[in-house]
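Okay, here we've got a single chain as structure tokens, the form predicted on its own, with questions on binding and movement later.
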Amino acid sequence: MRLKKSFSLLSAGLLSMGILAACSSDSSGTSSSGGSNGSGATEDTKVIKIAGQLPLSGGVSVTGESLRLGAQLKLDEEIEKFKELGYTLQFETYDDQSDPKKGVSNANIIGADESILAIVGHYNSGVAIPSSEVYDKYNLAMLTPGATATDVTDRGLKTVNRIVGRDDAQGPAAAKYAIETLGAKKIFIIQDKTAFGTGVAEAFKGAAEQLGAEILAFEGITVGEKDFNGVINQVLSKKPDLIYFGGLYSEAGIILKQAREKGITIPFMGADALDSSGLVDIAGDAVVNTFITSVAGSTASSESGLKFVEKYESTYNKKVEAFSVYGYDTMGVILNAVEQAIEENDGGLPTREQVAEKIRATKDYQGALANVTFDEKGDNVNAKIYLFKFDEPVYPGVLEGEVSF
């Protein structure tokens, strides 16, 4: 377990352990924006594209759209700087629909476009893993702002990186809190059978068992399902004192609502894919007594985070989501690497390999919230796990504490 070691307690006793720029969409679901005229290079500049592969439709589209807007905001801030260097920046986004097949199909299109130098994405681990195999064939760097499964980086691909924490830290952090703070002894686990959902649930299960909890069940559900009365009836018969869910907010919200309707009031716990206003929109009052770990911190914790929130909300006239700032910081890391590669080429257009090398070599990049230094596998050594609770149906939840690892 890579979980370490130093905890910042924000609430005593709770964690005992420790522009919209010009933007057009075509019928295939892609969109492109940025640049001096919104469509490409001027006569004096060359085009550099950054692609986004994110879930812009489907069950987690709220999170996907927030990532896209965050990334777009950062690119728009950098356009003038790159124009002075002789380049026109464009952000070309693709909707992966949280579907591995769609992600791989888009990845092949992206790989064939030589003006694309790096990828912001994916959010879903189950899409990131197969799509990154395609990017790697093209020496095209991918930087995920949200995929947490261990296999994303454990395969050792030189082109794959992430700025947030991993599930082998997130699962144990949740288990420790559930057992030592909430006093859970008998736990019912539900997971959505995806790379992320199963992975984080297994990480939670292993750590909970080591801490002495009894796992009453490890049941799978299907993404897109709407009627969970079967698994909820099993919860009723087993009489656990906590439900842990590995999956997305779209299913979690429905499970919560249906469980509360059957009189199940015990704590409900999940991971970062529940960190969305979509959870509260779906569950409503049923979200009360829900706890989530997240790889996304609070933008209210720093001056730069607050500045980001102000600019995001004034630009888009909408509230930030937990991952909005990670879209912004992911784009920031990528453009910082591209700029370094241009400088190293004496102003010449860098290759994909050069950009990938510069991204992996990132050290102490300070974004609006994330501080980024990659290890040899492409994981951010400064990433943290955060814990939130919902005492009322209001998003975001209340920050309970954070864990460094």
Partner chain sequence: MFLEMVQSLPQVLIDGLTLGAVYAVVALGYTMVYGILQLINFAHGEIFMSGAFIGTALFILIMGMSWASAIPQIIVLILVLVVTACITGVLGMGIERVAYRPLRSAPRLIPLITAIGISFVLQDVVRFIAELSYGNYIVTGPSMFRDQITFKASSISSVFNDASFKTSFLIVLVIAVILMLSLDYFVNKTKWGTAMRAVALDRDTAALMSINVNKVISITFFIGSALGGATGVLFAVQYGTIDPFIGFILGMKAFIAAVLGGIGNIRGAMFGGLLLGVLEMFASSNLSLLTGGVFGAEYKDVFAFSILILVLIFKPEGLLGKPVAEKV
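Numbering follows the first chain given and starts at 1. In this text, rigid core is short for the largest set of C-alphas that superpose within 1.5 Å between two forms. These numbers were taken from a predicted model, which means no experiment stands behind them.
We do not show the form predicted in complex with its partner chain, though everything after this point is about it.
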**OP:** Kindly indicate whether 225, 261 and 282 are, all three, within 4.5 angstroms of its partner chain in the predicted bound form, using heavy atoms.
**Re:** yes
Original post:
Of the residues 154, 76, 92, 219, which one places a heavy atom within 4.5 Å of its partner chain in the predicted bound form?
Top reply: 219
Original post:
in the predicted bound form, which of the listed residues (215, 85, 254, 134) lies with a heavy atom within 4.5 Å of its partner chain?
Top reply: 254
Original post:
Is residue 234 close enough to touch its partner chain in the predicted bound form, meaning at least one heavy atom pair within 4.5 Å?
Top reply: yes
Original post:
Does its partner chain come within 4.5 Å of any heavy atom of residue 183 in the predicted bound form?
Top reply: no
Original post:
Is there any non-hydrogen atom of residue 123 lying within 4.5 Å of its partner chain in the predicted bound form?
Top reply: no
**OP:** Would you check, heavy atoms only and a 4.5 Å threshold, whether residue 290 touches its partner chain in the predicted bound form?
**Re:** no
Original post:
Thinking of its partner chain in the predicted bound form, which stretch from 135-143, 326-334, 188-196, 102-110 has heavy atoms inside 4.5 Å of it?
Top reply: 188-196
Original post:
After fitting the rigid core, is the C-alpha of residue 114 off by 2 Å or more between this form and the one not shown?
Top reply: no
Subject >> Rigid core superposition, residue 94 Cα moves 2 angstroms or more between this form and the one not shown >> reply: no
Original post:
Taking the rigid core as reference, does the Cα of residue 151 move 2 Å or more between this form and the one not shown?
Top reply: no
